[in-house]
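Okay, so here's just one chain, in structure tokens, the form predicted alone.
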Amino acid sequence: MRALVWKDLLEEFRARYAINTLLMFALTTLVMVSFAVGIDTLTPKLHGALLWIIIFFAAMSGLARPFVKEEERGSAHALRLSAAPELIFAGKFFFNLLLAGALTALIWPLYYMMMAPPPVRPGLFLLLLLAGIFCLAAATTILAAIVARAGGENTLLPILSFPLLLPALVMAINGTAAVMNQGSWDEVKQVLLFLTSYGAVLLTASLLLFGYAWND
């Protein structure tokens, strides 16, 4: 599992395909939104919606790449012979988690500079972001494998991911609005509990089903 994560990280550092694609999408969307709606009329709820929509669609443009490149180069057959499906899933999941975390770490400072959202409580907001990207990686890892096997590259991933991630996105938006309204820990705790529980369910189901998606 560590070898697979390290391999994907080295490939990404050399080519920078995924992170450049994700960052360019996020930057383009931020520029368009800032010019279209301005920054003075947005409520905390709208700020939360825009932030998570940008994170979601930016992530969808790159999170399928770890499996797509394996199918394109034919190395997926070597992976199937080298390791159990559970280990392959774990390696790709942790890589997607790192990639989504890096993307969010780049998006938030850009969003803060360009959209001027209300001040947030750093600790609560960081926990909310971590719970959100955990759900994102948990849902997209197995779906990226299915998309790669279907030959759809990145085009099918948003379509397949959106129904699964819609509850998590709605809760993340509500939690972000609460944090921007200087809400208390009790207000955000329910959102964090839902996101972590929902992400754990997605991760467990994906781990149980990954072997069928990977080998068939």
Partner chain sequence: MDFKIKLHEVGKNYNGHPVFHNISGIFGPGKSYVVAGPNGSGKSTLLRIICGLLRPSAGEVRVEVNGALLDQTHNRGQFMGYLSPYINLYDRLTAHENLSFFAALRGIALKEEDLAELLDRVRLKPFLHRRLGAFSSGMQQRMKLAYALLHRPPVLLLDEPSTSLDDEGKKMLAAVIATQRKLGTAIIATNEGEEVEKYGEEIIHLDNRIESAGVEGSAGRV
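Positions refer to the first chain, counted from 1. Being a predicted model, the structure only gives us computed values, none of them experimental.
The next section is about a form of this same protein that is not shown, the form predicted together with its partner chain.
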(request) Answer yes or no: in the predicted complex, does its partner chain come within 4.5 Å of a heavy atom in every one of 45, 110 and 115? (result) no
(message) Is residue 209 near its partner chain? Define near as a heavy atom within 4.5 Å, in the predicted complex.
(response) no
(message) Is it the case that residue 15, even though its partner is missing from this view, gets within 4.5 Å of its partner chain in the predicted complex, heavy atoms only?
(response) yes
(request) Examine residue 90 and determine whether its closest non-hydrogen atom to its partner chain in the predicted complex is within 4.5 angstroms. (result) no
(message) Would you classify residue 79 as touching its partner chain in the predicted complex, given a 4.5 Å non-hydrogen atom cut-off?
(response) yes
(message) Tell me which stretch of 135-143, 79-87, 118-126, 101-109 has a heavy atom within 4.5 angstroms of its partner chain in the predicted complex.
(response) 79-87
